[in-house]
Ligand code: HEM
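Here's a solo chain for you in structure tokens, the form predicted on its own.
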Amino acid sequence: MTDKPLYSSIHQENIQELVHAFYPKILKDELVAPFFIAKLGDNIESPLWKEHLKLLTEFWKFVALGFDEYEGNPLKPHLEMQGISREAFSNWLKLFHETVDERFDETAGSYLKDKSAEIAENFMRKLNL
């Protein structure tokens, strides 16, 4: 974490910063990393990863700010993942919340954490986990 002040509002630039800070943590997580590595590889600088980070930035801009550039079905890739578990979602959420807490104050951060928890619960319900 840096010594810079926490963001008190959510905007497109800090959403991108959040996404780019979060996914390197994912690649270090024993339980979650294999799902991403199987699909995207382990080099976060690769074209596949860059495209994924762009897509996820657009997704979070849609979720948090109502932007409409996101085109996709966020659940679909999860339906194809063999072995995905509640524990993997829990780890993903823990790391996401940790990254949010490093960048946003309590008010802005709470919104992002609440939205991510809702999405995770929805995905787990749809995946029968």
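Everything numeric here is computed off the predicted structure, so don't read it as measured data. Throughout, we count residues from 1 along the sequence that is shown.
Beyond the structure shown, there is the form predicted in complex with protoporphyrin IX containing FE (HEM), which is absent from this document and is the topic of what follows.
* Tell me, which of A64, L56, V100, I44 has a heavy atom within 4.5 angstroms of protoporphyrin IX containing FE (HEM) in the predicted complex? -> None of the others qualify; the residue that does is L56.
* Find out whether any non-hydrogen atom of N73 is located within 4.5 angstroms of protoporphyrin IX containing FE (HEM) in the predicted complex, and reply yes or no. => Contact with protoporphyrin IX containing FE (HEM), yes.
* To do: Verify the contact flag for Y7: yes if a non-hydrogen atom of it lies within 4.5 Å of a non-hydrogen atom of protoporphyrin IX containing FE (HEM) in the predicted complex, no if not.
  => So Y7 does not count as contacting protoporphyrin IX containing FE (HEM).
* To do: Although protoporphyrin IX containing FE (HEM) is absent from this view, report whether I119 comes within 4.5 Å of it in the predicted complex, heavy atoms only.
  => Although protoporphyrin IX containing FE (HEM) is absent here, I119 would touch it in the predicted complex, with heavy atoms inside 4.5 Å.
* Residue contact check: L95 to protoporphyrin IX containing FE (HEM) in the predicted complex, 4.5 Å heavy atom -> Judged by the heavy-atom cut-off of 4.5 Å, L95 is well away from protoporphyrin IX containing FE (HEM) in the predicted complex.
* Asked: Going by heavy atoms, what in 19 to 45 lies within 4.5 angstroms of protoporphyrin IX containing FE (HEM) in the predicted complex?
  -> Stretch hits, in order: V32, F35, F36, K39, L40.
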